[in-house]
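Next comes just one chain, in structure tokens: the form predicted on its own.
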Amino acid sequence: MKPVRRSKVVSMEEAASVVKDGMMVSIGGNHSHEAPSAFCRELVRRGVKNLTLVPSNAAGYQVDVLIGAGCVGSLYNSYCGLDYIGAAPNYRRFSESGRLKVVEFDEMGLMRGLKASAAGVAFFPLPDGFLGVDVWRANPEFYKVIADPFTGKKVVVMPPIRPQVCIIHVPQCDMYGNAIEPGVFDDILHQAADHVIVTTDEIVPVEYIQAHHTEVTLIGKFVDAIVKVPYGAHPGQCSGRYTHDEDHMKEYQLAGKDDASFAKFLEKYVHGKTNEQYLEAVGLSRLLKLKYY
């Protein structure tokens, strides 16, 4: 008898319940584009603590909001900022004050560590030029120098980085987890973790995914849960759906100047609110201006 595939669509609350204090969690998105922002706000509401975050090689709002809410103990970091808006305020404040442990990576090293996990190999080599930079000296816990068994030359290598949970946002996904993700490295993240949660602006029929199979980058067999979240990447961009919310980003950056002002921001937009109530607080007229037509 042919097995029947099961829908992986669940509520936000059910998906988020998997994330526990002290876990290593990878967060998708590049800068604040295609970021699982709504899911990160749900983790803030839940009061999760002492996470080790492993973002893509350029993190933004989705990581900074968790830092500012006191959810993060350690950050694997090659960049965290708000793109042209400027610095990520909570990342700066928490790292400068010693409340956040920052584990330094270069962009390629971080992604190669995740690739090693996805490939199931013991380590992943980096190009020869890495012997001439200092990052492997600054982070000897991860970067090691070994002899190439074929040539005897020195080579810098990275061990696997294996998050317990991975969270990704996509514009479109079917009920089984096959998704069209417009190329921001999340195709690597979802194969490098133990448990994968995908949030999506739209759940499309399987037939649509089949008709666009060459665009599929997230494979359903690696996905454990799917959450439908309209405007789930806001205030970041979601390809083909809406652009980033510059005004909200500037409001966010200003609020992150100190603990008191950021606590007020969280009360206004996050604590005690569903995603729908968050969107109402942002304002329908603003959201409509962001849409691509």
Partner chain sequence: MAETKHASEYCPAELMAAFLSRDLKDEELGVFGAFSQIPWAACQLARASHAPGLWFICGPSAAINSKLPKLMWSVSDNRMHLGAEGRITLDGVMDMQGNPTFIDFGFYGGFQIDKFGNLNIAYIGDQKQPKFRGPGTVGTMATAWLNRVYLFTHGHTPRLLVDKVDFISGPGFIDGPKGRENAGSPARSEGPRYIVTPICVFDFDEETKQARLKSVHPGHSVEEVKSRTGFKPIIPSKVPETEPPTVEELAFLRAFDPDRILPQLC
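Since this is a predicted model, take the numbers as computed values, not measurements. Residue numbers count along the first chain shown, from 1.
Beyond what is shown, the protein has a form predicted in complex with its partner chain; the following relates to that form.
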Taking Cys166, Glu267 and Gly272 together, does each of them reach its partner chain in the predicted complex with some heavy atom inside 4.5 Å? no
Heavy atom within 4.5 Å of its partner chain in the predicted complex - residue from Phe130, Phe123, Phe142, Tyr176: Phe130
Just give me the single entry in Val206, Ala119, Ile203, Val102 that has a non-hydrogen atom within 4.5 angstroms of its partner chain in the predicted complex. Val102
Using a 4.5 angstroms cut-off on non-hydrogen atoms, would Thr151 count as touching its partner chain in the predicted complex? no
Verify the contact flag for Gly73: yes if a non-hydrogen atom of it lies within 4.5 Å of a non-hydrogen atom of its partner chain in the predicted complex, no if not. no
Residue-level question: is Ile146 within 4.5 Å of its partner chain in the predicted complex, judged on heavy atoms? no
If we define contact as a non-hydrogen atom of the residue within 4.5 angstroms of the partner, is Ser261 a contact of its partner chain in the predicted complex? no
Partner-proximal stretch of 157 to 165, 218 to 226, 90 to 98, 192 to 200 relative to its partner chain in the predicted complex, 4.5 angstroms, heavy atom: 90 to 98
Just give me the residues of 76 to 93, first to last, that have a heavy atom within 4.5 Å of its partner chain in the predicted complex. Asn77, Ser78, Tyr79, Cys80, Asp83, Tyr84, Tyr91, Arg92
